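Take a look at the structure tokens below, where one protein chain is shown in two forms, each on its own, as structure 1 and structure 2.
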Structure 1
């Protein structure tokens, strides 16, 4: 693999040259600092852009053209990460060395059509398709309350990460959706190119630098924000533990317990915590799984995850509401056990093996590789082998001592009234 970064006034191009795949992936990131008012636009825009374009003005036409390019696919998404929001447009197509050289330019023109030539008339997105997308999002919003995992995760985040970008769901409210129309959406679309957003184009595959000229031409005349941005949120958590319960008509109850991470070094956050979290709640033989589920049969599912850019550790479980107090007691015991050398030592080597197996998957994961180079625009990111070496150097004592920097912050229960 060979990597080259090309900085231009109006965009940054990342060439990740590898012969590992028979496809070429081109991903365009429009990034700026989070604004809660953009969430509704993000949802509408991401779907509208790939539904149709000016040239391919129906859903069938845009799909058929992709098939004409040997199954080329263009997708889009809107996402929140740390302090930033991003619109992402992705193209993947068969490397033209296996088809015909003309398909390099034609496939990139397909992406160009989607990004720069939306299905717009009189400065309004096509109303018929706009309403189809709007109704799809309405269905998505209405489905939140019938999806206990999703609903509980959203409500927990509101409490745990109060007044920070992480407290917001990437799904808008019905009120926000009704405040937008197809004309306002087009007005927002134009801000992608007015200098508000940083623009990165990542290319992964077996390519040479001739693709740079095509990309530069594609973005000619576009403005870009080159202001330095960061993903990390400096959240000042409250000292007292916040506990909240609410009820909905589900069979199962959902429990979320959030711990804040206090003054961790980069090594602790990126290496030691990964092993700590694996032992606690992600590996098959984790402490949480063994004690809460296997030994006491108090949950249907249990695990843990780390929120890196708003530093925190979350434990989640599907439980019966009658087991609420006992489950919390045992979860706290599990976290306490992370200070027990005997407990940690028993799982320490297995945790490292689990992480190393996961890291091996990096080389076959196009998205992970692209995101690594993209994220380096906002933070220090180790290459996968440096990360592996640093994780393998972590000691049992470092894992045990990490418990001193983890403090309970939030307990949230979505009570299933049907059980």
Structure 2
């Protein structure tokens, strides 16, 4: 695999040349600092731009065109990560050596059409399709309350991350949706190219450097913002523990427990915490899995994850509401066990090896590779082998001592009251 970064005045191109995959991926990122008012535009724009375009001005036409290109697909999303928001347009298509060389140019033209030639007339997105997309988003908003994991995750984040960017869901509210129209949306669309956003284009696959000229040409005349941005949120968590419960008609209850991470160094956040989290909640024989699920039969799913850019650790479990108190007590015990040298030592070497297996997966995963190079624009990201070396240097004492920097912050229960 060869990586080459090409800095231009108006965009940064990341060329990852590899024959590892049978697909070619081109991903365009528009990034700027998070603004909660953009969430609604993010959703409307991401949906509108792939629903139709000026040339392929119906859903049928754009879908047929993708199918003609051997299922080439342009997908779009609006996402929040740390302090930043991004519009992402991703093209994937089969390496033309398996189909026909003409599909390279035609697939790139398809991406260009979606990004630069939206279905707009008189400075407005096509009203008919705008309203269809609006209905789709209303349906998405209404669906939140029938998806217990999504609902609980959103409500937990609101409490845990208290008005910081992480506390917002990328799904807008109905009120926000009503405040926008197709004209305002087009005005916002134009900001993608007026210097408000940093623009990155990642290309991964078996390609030659001629693709750089095609991409440069695609973005000719476009302005971008090259101001340095950071992902990390300096969230001042409150000292007291916030506990909240609410009920909906589900069979199972969803429990989220949030721990704030206090004054961790980069080494602790990137290396020590990774081992801590693996031992506590992600490996086969993790402490949470063993104590809560296997020894006490209280749940089917349980685990933990780290939110790196708003430093926190979250434990989640699907439980029966009658076992709430007992589960909380056991989860607290599991976190306490992370200070116990005997417990940590038992799993320490295995956790490192499990992480090594996960890290190997990087080489097999298109998205991980693209995101690594993209994220490097905003923070120092170690390459996978340096990361592996540094994780392998972590000591048992470092993991045990980390427990002093982890404090309970939020307990949220979505009670399933179907019984």
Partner chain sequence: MKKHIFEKVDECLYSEKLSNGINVYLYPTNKTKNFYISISVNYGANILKYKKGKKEVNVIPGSAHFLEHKVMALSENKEISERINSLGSLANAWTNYHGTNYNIFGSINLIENLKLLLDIFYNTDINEKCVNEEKGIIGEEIDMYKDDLNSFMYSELFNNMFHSSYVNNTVVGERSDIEKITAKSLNEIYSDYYVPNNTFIIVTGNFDINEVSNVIHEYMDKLNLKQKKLPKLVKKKEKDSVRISYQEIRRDLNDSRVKYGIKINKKLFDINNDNILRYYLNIILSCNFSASSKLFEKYKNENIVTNMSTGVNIIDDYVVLMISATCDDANVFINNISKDIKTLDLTKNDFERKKKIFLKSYITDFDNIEDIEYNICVSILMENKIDYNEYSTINNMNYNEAIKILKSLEFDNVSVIRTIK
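Residue numbers count along the first chain shown, from 1. Throughout, rigid core stands for the largest set of C-alpha atoms superposing within 1.5 Å between the two forms. The structure presented is a predicted model; accordingly, all values stated were derived computationally and were not measured.
Structures 1 and 2, same chain in two forms; the form predicted in complex with its partner chain is found in structure 2. The rigid-core alignment places the CA of residue 378 less than 2 Å apart between structures 1 and 2.
For residue 365, a C-alpha deviation below 2 angstroms is recorded between structures 1 and 2 after rigid-core alignment. The two forms, fitted on the rigid core, differ between structures 1 and 2 by 2 Å or more at the CA of residue 71.
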